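Have a look below at one chain only, the form predicted alone, in structure tokens format.
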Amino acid sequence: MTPLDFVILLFLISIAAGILGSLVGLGGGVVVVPVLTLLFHIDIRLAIGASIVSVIATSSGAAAAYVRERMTNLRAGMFLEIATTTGAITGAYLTTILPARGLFILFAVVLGYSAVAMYRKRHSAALLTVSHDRIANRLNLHGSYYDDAEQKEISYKVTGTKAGLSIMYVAGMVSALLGIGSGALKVPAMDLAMHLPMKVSTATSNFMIGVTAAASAGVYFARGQIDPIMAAPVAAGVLGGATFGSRILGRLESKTVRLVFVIVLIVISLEMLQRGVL
């Protein structure tokens, strides 16, 4: 394969990664890392570096649209970003210390549990109308958005902020360690622990993942683990795909978004388990 063929193929794959990443709030790294390591046999560290760039691109392409549509909970996102950014910096420095195999297995188990928990919640669409969470009430993390699929304004209350912060720290650390985008844990944390609507969780995750990835990108760049030949087509493709995907989310039903997310979580979980065992 010529270098030009490599760049074109990677660009096209990155478009699909951007669409999927913006819909489920995971970032394009969910597709980019497996493609680079399994299909092109790229070193995992360089693949993670390109993945982090793709996550930033996903956030840039989708976040603006979701903020404009009032689907993103900016207050909650900025509050939780304190924990994820700290976790991302921690994870970036732990990459050379912790054994990757054990991390893959642990992450696979966590994602598998999250997928099952989110699937069980698919029929319980009722949102909180009252919150006794002091932090959420003090910072006014509650919100509302207009749902195009249901043609109505949906209001919701936020709870479980302490549990959310703890999970977000772990999510940021995992993002830097494995380069798959911390949305794999952020979305379940907001959906299950904090009771945000599924679409709001996805949109807010898209807003947050770029900041989390940027916090660890500097470390990877300083180590020379971000290759422009890979990062450039990945960033361009993911940005285009994320911009297109952001136009689709509002028109989908929340149950559909949840189902797609659960399927993606299961695929990632199996992939992580395979990497840890083999």
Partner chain sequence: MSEDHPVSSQDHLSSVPRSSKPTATTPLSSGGIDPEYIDPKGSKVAAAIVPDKPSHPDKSFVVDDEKVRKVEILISLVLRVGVVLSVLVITAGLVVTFIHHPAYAALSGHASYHSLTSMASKFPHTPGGLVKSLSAGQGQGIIVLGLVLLILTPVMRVAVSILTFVYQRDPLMTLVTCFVLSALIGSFFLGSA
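Model, not experiment: these values are computed from the prediction. Residue numbers count along the first chain shown, from 1.
Although it is not shown, the form predicted in complex with the partner chain is what the next lines describe.
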Quick one: is residue 106 in contact with the partner chain in the predicted complex, heavy atoms, 4.5 Å cut-off? no
Does the partner chain get within 4.5 angstroms of any non-hydrogen atom of residue 149 in the predicted complex? no
Contact of residue 110 with the partner chain in the predicted complex (heavy atom, 4.5 Å): no
Could you tell me if residue 8 has a non-hydrogen atom within 4.5 Å of the partner chain in the predicted complex? yes
With the partner chain taken in the predicted complex, which residues across 60-98 come within 4.5 angstroms through any non-hydrogen atom? 60, 61, 63, 64, 65, 67, 68, 70, 74, 75, 78, 79, 81, 82, 85, 86, 89, 92, 93
